[in-house]
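Coming up is one lone chain in structure tokens, specifically the form predicted on its own.
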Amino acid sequence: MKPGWIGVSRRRFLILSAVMSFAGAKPANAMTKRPVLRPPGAVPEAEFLAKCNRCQRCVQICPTNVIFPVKLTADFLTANTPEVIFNRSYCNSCMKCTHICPAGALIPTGKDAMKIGDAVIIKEDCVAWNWTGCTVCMDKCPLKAIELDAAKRPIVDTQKCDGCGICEQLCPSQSLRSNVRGRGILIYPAGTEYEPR
């Protein structure tokens, strides 16, 4: 029995997935504001879901503990597949997850080609967009993918950003202001647009 499957065969899982989708189960990106963020080297989402065997090896090997299994309560169709969450740390580009993946859902790639996603400024929560004066994300970005505009507000160069999550993990907006719902900068899958609340 493979970890994470809880005794459910692949065939039974696919049947249950089909039943849930016909029953009106919503995909992760419809249930949450942010779509599932995959580890480095992830193949396109449809292919990823077909290939990932939910073995949890990438979760177990991640030295910075940013890869977690998607919870069953969050979304049945993507349950137990890996997602990246930057609550406590960031991706250090070690690429161990890509080398240990036995299913080909994560493809080994060089650090220079790594792309988890793009940093997106959440203007309603970003301190610099409301008060000015905060430059934490720009100062800590190792790729210099964040600059300030004429009004000293952060803007992201998505060509440089690899989605490592340092900016998201260090964003101080929640500690500086009590009325924000989240951090002032989040990593989204590349090409995904943020929808304001």
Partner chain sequence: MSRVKISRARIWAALGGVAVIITATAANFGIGTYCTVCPLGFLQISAASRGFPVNMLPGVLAVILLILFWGKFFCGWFCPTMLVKKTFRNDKPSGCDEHYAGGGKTARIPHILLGITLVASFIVQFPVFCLICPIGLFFGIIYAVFRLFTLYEPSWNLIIFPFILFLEVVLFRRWCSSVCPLSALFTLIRKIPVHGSIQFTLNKDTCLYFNNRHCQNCERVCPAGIMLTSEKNAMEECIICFECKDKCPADSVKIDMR
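Residue numbers count along the first chain shown, from 1. This is a predicted model, so every value here is computed, not measured.
The discussion below concerns the form predicted together with the partner chain, not included here.
By the criterion of a heavy atom within 4.5 Å, Cys94 is excluded from the residues contacting the partner chain in the model of the complex. The partner chain is not shown here, but in the model of the complex it comes within 4.5 Å of a heavy atom of Asn65. When contacts are judged by a 4.5 Å heavy atom cut-off, Val59 counts as touching the partner chain in the model of the complex. In the model of the complex, the partner chain lies farther than 4.5 Å from every heavy atom of Asn130. Looking at 43-51, 165-173, 139-147, 152-160, the stretch with residues near the partner chain in the model of the complex, meaning non-hydrogen atoms within 4.5 angstroms, turns out to be 43-51. Contacts to the partner chain in the model of the complex (heavy atom within 4.5 Å) from stretch 83-105: Glu83, Ile85, Asn87, Arg88, Ile100, Cys101, Pro102, Ala103.
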